[in-house]
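Shown here is one chain on its own, the form predicted on its own, set out as structure tokens.
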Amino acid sequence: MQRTTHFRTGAILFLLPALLLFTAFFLYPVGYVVVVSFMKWDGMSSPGFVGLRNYSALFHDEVFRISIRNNLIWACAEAMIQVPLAILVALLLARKPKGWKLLRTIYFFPHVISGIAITMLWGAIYNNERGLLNGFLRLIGLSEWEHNWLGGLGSAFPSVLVYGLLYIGYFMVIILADISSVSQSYYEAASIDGATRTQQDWHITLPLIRGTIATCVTLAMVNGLRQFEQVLLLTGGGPANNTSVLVLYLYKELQNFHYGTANALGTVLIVLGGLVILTVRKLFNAAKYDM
């Protein structure tokens, strides 16, 4: 009994510094954001309590509705396109074809480059007059398809969204590492029973890495909710706010000294992030895994 008490005391003392840091750098800021979201404040004068007025104004604001729609599309696209692509590439690389280490490095390479540099590169590709995309279309005789990709109402958001989905290296590396940890005895037994490699991947690999896939889906969806620099640099939210996202809208509200509205947007993002985590855990039955 005394030994158990000493163990609990030691565990509490061991966890206490981390708990204090978590409280100081996460719980307190989150609480501050939530409290300020109920106030009207320009950052200089005294804040005044306005109740739910900031939230009411947001839900009647068309830019907010466009922003939340774009964020949800982004989150779903990353979960339903980027993660499956990463799984497919990881399964292929796990078979260790010739040059697989080079391919793994190539797929991951974009993630060691600054996101701003990548965004500027795609800005040059989409350039209306000197961009590589329009130049390529002219080269293959499809000049009628030339378009102001970042300036058109119908093409701006897909153009901003699609290039981010091509970079799958981060999730590919995580999934590949988990596949490498699967015991070879499962595959040997399946081979003896006559299972093809595709059947082995479907019935052995994918079920065993389900927890990692759930983690990747969560990270992908949360990443879709916090998009910012990609939109800011390529379109600034235009044309006509058609590519606006929540973090960009929050940034603009801060620039306009609408601190109450900006914090209400921050609170919405926190709630959306929590809902994403709970939904993914429910869908993947993640309580069984150390997610």
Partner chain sequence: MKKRTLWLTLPAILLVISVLLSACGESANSGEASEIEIKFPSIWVAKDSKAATFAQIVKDFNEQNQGKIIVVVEEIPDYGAYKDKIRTNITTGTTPDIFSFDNPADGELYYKSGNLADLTPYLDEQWKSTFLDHAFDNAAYDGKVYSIPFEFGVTPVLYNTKLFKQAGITGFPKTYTELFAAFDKLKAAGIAPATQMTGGDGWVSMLWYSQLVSAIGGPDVYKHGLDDPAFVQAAEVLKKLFDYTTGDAVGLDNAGAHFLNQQTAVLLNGPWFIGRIKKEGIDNLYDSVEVAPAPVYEGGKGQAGQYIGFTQASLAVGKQKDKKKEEAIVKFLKYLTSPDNVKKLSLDSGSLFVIKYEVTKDDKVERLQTEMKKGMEAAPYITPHFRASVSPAVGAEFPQALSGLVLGKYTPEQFVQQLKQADSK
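This structure is a prediction, so every number in the text was calculated from the model and none was measured. Positions refer to the first chain, counted from 1. By rigid core we mean the largest C-alpha set that fits within 1.5 Å across both forms.
The form predicted in complex with its partner chain exists for this protein as well; it is not shown, and the discussion that follows is about that form.
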{"query": "Contact check for Q82, G131 and Y163 against its partner chain in the model of the complex, heavy atom at 4.5 Å", "finding": "no"}
{"query": "Proximity to its partner chain in the model of the complex (heavy atom, within 4.5 Å), stretch among 91-99, 212-220, 150-158, 184-192", "finding": "150-158"}
{"query": "Close approach of L52 to its partner chain in the model of the complex, 4.5 Å, heavy atom", "finding": "no"}
{"query": "Proximity of Y259 to its partner chain in the model of the complex, heavy atoms at 4.5 Å", "finding": "yes"}
{"query": "Its partner chain contact at F14 in the model of the complex, heavy atom, 4.5 Å", "finding": "yes"}
{"query": "Exercise: A240 in contact with its partner chain in the model of the complex, heavy atom 4.5 Å", "finding": "yes"}
{"query": "Rigid-core frame, C-alpha of G274, shift of 2 angstroms or more between this form and the one not shown", "finding": "no"}
